[in-house]
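In structure tokens, the next block holds one chain alone, the form predicted on its own.
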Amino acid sequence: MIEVVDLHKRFNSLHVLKGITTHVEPGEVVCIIGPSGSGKSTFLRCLNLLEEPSAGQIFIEGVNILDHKNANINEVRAEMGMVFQRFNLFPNMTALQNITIGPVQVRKLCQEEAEERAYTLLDKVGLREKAHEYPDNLSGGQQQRVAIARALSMHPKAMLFDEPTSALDPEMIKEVLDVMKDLAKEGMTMVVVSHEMGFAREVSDRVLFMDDGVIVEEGPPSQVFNHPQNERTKSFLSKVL
């Protein structure tokens, strides 16, 4: 579904991604782990062009999304749901309004249909009773679950999660991870940047370990966590497990 070939990203003289080549199959859950500053979030943001790569190719279902003459960036983003660290909900809109605005304005759904879909998604994330609450009245975990529902409202083909629990208090992390586990069981294609090693070990089909802008090691979680081959991977895991 997603194929990345020799991807580079530079911020002026800073070379953040140094030739990433990987792929994501339909229905696959890929977790990206590694130390802070290794390029994980930048890589994720390149997948839906929130960051413009400096070189390389990204194919979504066979279409090169960096071919701006033939690929519509807004259409690409609509197909790739994104959940950020900091929720990014519109503070002046209720949970319901946050979820319906995209389908109405981008997908051109009627308001009634968008709201029906939104309530279904609020049920899915366990927050129907919070439909008319504003973000400031919700806990961090509740806000992140609304953010997941908002991303799902666009019927994306894949979901990208950029450290979705890093801004949450420890007791709120489980409620967000449980929603993500349910999505994985339903077959949603997911790319997850996370420090939650238990989640990566339990849910992912494949784990990528990134360091200094490159993929150092990748494989099934049982291999990467239990039998890492690279010394840098071994050093990192010894500190976090």
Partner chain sequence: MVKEPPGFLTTSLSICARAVGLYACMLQAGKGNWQEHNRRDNTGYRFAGGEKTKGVSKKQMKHAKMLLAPLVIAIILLFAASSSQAQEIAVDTAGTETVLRITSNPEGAEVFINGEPYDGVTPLTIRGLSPGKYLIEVAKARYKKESRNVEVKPGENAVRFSLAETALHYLWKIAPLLVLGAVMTLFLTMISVFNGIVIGIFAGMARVVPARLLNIIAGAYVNFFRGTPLLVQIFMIHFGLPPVLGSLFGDGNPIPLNPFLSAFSALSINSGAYVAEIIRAGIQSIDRGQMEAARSLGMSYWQAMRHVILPQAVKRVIPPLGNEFIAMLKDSSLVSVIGMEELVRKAQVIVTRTYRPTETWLGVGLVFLMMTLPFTKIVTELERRLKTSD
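Residue numbers count along the first chain shown, from 1. Keep in mind that this is a model prediction, so the values were computed, not measured.
Only in words, not in the display: the form predicted together with its partner chain, which the text now covers.
The closest heavy atom approach of A114 to its partner chain in the model of the complex falls outside 4.5 Å. Taking the partner from the other structure, its partner chain in the model of the complex has a heavy atom within 4.5 Å of a heavy atom of D136. Put simply, R201 is far from its partner chain in the model of the complex: not one heavy atom of it is within 4.5 Å. Using a 4.5 Å cutoff between non-hydrogen atoms, A131 does not count as a contact of its partner chain in the model of the complex. Annotated contact segment (heavy atom within 4.5 Å of its partner chain in the model of the complex): 45 to 53, selected among 180 to 188, 45 to 53, 23 to 31, 61 to 69. If you check its partner chain in the model of the complex, you find no heavy atom from any of I173, L237 and L241 within 4.5 Å. Of the residues given (L96, A158, L89, L127), L89 alone sits with a heavy atom within 4.5 Å of its partner chain in the model of the complex. Along 104 to 119, residues Q105, V106, K108 each place a heavy atom within 4.5 Å of its partner chain in the model of the complex.
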